[in-house]
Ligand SMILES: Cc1ncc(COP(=O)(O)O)c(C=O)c1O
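There is one chain below, alone, in structure tokens, taken in the form predicted on its own.
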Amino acid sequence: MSLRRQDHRRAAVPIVEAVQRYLASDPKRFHVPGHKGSLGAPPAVRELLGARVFDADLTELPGLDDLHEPSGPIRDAEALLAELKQADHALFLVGGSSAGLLGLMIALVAPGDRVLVHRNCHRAVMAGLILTGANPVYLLPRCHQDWAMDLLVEPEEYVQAAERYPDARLAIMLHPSYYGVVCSLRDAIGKLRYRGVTVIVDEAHGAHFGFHPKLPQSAYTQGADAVVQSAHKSLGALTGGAWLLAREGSVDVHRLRSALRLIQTSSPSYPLLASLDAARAWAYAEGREVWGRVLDCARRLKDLLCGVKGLRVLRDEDVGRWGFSIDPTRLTFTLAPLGWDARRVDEHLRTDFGVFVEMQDGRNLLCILGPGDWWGSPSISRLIEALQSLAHCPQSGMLPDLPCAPPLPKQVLSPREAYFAPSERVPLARAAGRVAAQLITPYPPGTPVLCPGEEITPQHIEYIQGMSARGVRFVGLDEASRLTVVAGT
């Protein structure tokens, strides 16, 4: 095949083209969805979204393929993604990376299997432990005290855990962290696979990795058996659009598709699938140029903000002592030196400048840069103006110290046993000695304080109370400070 024909094929968008062929046939619809191409859509949402999105909102019609057993345009689009990502297999996901993590765990482990997992895992991993009945070995991420931030589990920690637990079947890694912290995984992955441990990586925030030399490498290119990536987070796909990369001989793809059928909708969104197809084609055609522009913008923005009095930007040198670095497209900053609570900064940015950040955790704020950002764009100019204004605001005083997180609690029951056991709601103050039946974790993201099946100690109660008093919200704790515990313990 000539290079020109090969480039043309890789730039194709099979799902988009299949939908376009259907629409060009002037179809008269006697099939779901019930809106019949916007004719029956609620007027308010039709006015909000326009009619065209309803035209493309289809079901599995002849010529449009079936996500769960692809043999046409979806199969072709997945094959093009696998080629782009240099993967043995690639599967589209309509339930986000969460669906990919759940599907992999169901496909790879059985009840009672031991799984090595980072403690600051996504809640989808916890759901996978509950659904499969696997027994977790939690590994603590390195904590950066100055930034009050969890980073990553150091890769060698997984290898040491595999030595302590030779029956471990699966290791689940995070790369990058929500704050964009990355590291080299290749050596640790190689050692784990040598020991017979399958390695899957939650790379939800790294779908753009590899499209420019200055971006981090994907965990898949570093040897991982399977990787999930959220194309909607950084590549322009619609929200919920993700994909999964799997290695031949490590993952039974037929079993994996069977597992995904259990947890994904039988009515996948065709606009979402088309956006995945188009995001892949765009990344192939213009990825290096687009991400070069984003990287240039990020570098100039960080250099400028480092000159703003009292504003501190998270850089490679802040995490390099542990062998970590930062995805350069992430902007994490703090005004703690000025005594500014991140919640106040967030409110100031929103109400006075119309700037909405990705997340604030009480001390730090996170901005994600992507294909829609470039140096001199209106959004970047507004962000600079907003942050520079903070240097002229009076200091807020010293921020209160955060209480130290308690040690890992004792695992009394497996997550599945605890979740399905009879339970009751009790006040937090009277929960010492009980066993948590649900996840208790601070939000915005942080390391879970309690996972299902773990014993609640006075230290955990004191920590949760102290953090709550500082305005931290805990998922799993209601407004009356009650939590769900296993009955009879």
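All residue numbers refer to positions in the sequence shown, first residue = 1. Nothing here was measured: the structure is a model prediction, and the numbers come from that model.
Separately, the form predicted in complex with the ligand exists; it is not shown, and the next lines address it.
Counting non-hydrogen atoms within 4.5 angstroms of the ligand in the predicted complex, say which of 95, 155, 271, 180 makes the cut. If I apply the 4.5 Å criterion carefully, the residue I get is 95.
Sort through 245, 192, 174, 185 and report the residue having a heavy atom within 4.5 Å of the ligand in the predicted complex. So the residue touching the ligand in the predicted complex, by this definition, is 174.
Please determine whether each residue of 212, 329 and 331 possesses a non-hydrogen atom within 4.5 angstroms of the ligand in the predicted complex. Judged in the predicted complex, none of 212, 329 and 331 sits within 4.5 Å of the ligand.
Choose from 347-355, 415-423, 366-374, 201-209 the stretch whose residues reach within 4.5 Å of the ligand in the predicted complex, heavy atoms counted. That would be stretch 201-209.
Any chance residue 232 has a heavy atom within 4.5 Å of the ligand in the predicted complex? Yes, residue 232 lies within 4.5 Å of the ligand in the predicted complex.
Check whether residue 144 has any heavy atom within 4.5 Å of a heavy atom of the ligand in the predicted complex, and answer yes or no. Contact check for residue 144: no, nothing within 4.5 Å of the ligand in the predicted complex.
Within 4.5 Å, heavy atoms only: does residue 226 come near the ligand in the predicted complex? Judged by the heavy-atom cut-off of 4.5 Å, residue 226 is well away from the ligand in the predicted complex.
Although the partner isn't part of this model, could you tell me whether residue 101 comes within 4.5 Å of the ligand in the predicted complex, counting any heavy atom of the residue? Yes, contact at 4.5 Å.
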